[in-house]
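First comes one chain, alone, set out as structure tokens in the form predicted alone.
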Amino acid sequence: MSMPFYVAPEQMMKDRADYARKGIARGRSLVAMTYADGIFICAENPSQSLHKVSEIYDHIAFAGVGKYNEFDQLRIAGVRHADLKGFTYSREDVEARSLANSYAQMLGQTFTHEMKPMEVEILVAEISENPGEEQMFHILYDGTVMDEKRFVVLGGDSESIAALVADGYSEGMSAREALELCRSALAGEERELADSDLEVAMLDRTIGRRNFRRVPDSELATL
């Protein structure tokens, strides 16, 4: 009787992590940062219909990088979770922290028990009425959750982009300053990004109850 093929658990986890990281690195990056009126999110995305950034609830946004079909499944699950909790309790009870924990459990379960991990990184962002109380939760392919401050970069060459953002970032930036910093950081030193190459959205505390706003290409030119 032949012995079954054995792979050490630590080697299996390493192989899955390497596979997920390589898949995510092949995609285009996304930058989110706090600015004067809330949270500014900018992604390199030439598609006009397949969005990387979306609204989850009144004051909560979702963003993902990696395989579109996988992070879009997570977005839909988050919308359902938020709607159910808001309907059962109240709209104020829907929080980015609980959504991030739910996503972490889903991604961790898939990473540990499924043959192929999800090739995604996601961001759950929330603002409040008070400046300085913004929350950004960065969830990795294996379910790891990181509570980010000031700014966060997902996907692609995230380390070099984060270094460029760190050099130009300052508290209380305007939307125009945030856009210029995101554009230059995503492009790097050797490229130029046009308005049509970017997907831009923001959580703006000045626009009423539903704080999520997607910026159309026509408005990007004025910014």
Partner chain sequence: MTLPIFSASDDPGPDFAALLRDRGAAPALDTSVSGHNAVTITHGTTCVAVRYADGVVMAGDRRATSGNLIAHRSIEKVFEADRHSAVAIAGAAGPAVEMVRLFQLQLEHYEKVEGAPLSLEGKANQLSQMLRGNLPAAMSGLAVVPIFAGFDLARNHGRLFEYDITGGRYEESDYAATGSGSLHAETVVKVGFRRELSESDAISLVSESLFQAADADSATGGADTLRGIYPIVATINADGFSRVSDDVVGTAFTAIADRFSDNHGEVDA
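Everything numeric here is computed off the predicted structure, so don't read it as measured data. Positions refer to the first chain, counted from 1.
A second form of this protein, the form predicted together with the partner chain, is not displayed here; the remarks below concern that form.
Judged by heavy atoms within 4.5 Å of the partner chain in the predicted bound form, the contact stretch among the candidates 29-37, 49-57, 156-164, 182-190 is 49-57. Distance criterion of 4.5 Å from any heavy atom to the partner chain in the predicted bound form singles out 73 from the list 73, 144, 128, 112. This chain lacks the partner; the member of 97, 116, 150, 91 within 4.5 angstroms of the partner chain in the predicted bound form by a non-hydrogen atom is 91. At a distance threshold of 4.5 angstroms between non-hydrogen atoms, residue 21 is out of contact with the partner chain in the predicted bound form. In the predicted bound form, residue 209 approaches the partner chain with a heavy atom inside 4.5 Å. The closest non-hydrogen atom of residue 102 lies within 4.5 Å of the partner chain in the predicted bound form. Taking the partner from elsewhere, residue 85 is found to have a heavy atom lying within 4.5 Å of the partner chain in the predicted bound form. Proximity to the partner chain in the predicted bound form holds for all of 77, 81 and 106, with the criterion being a heavy atom within 4.5 Å.
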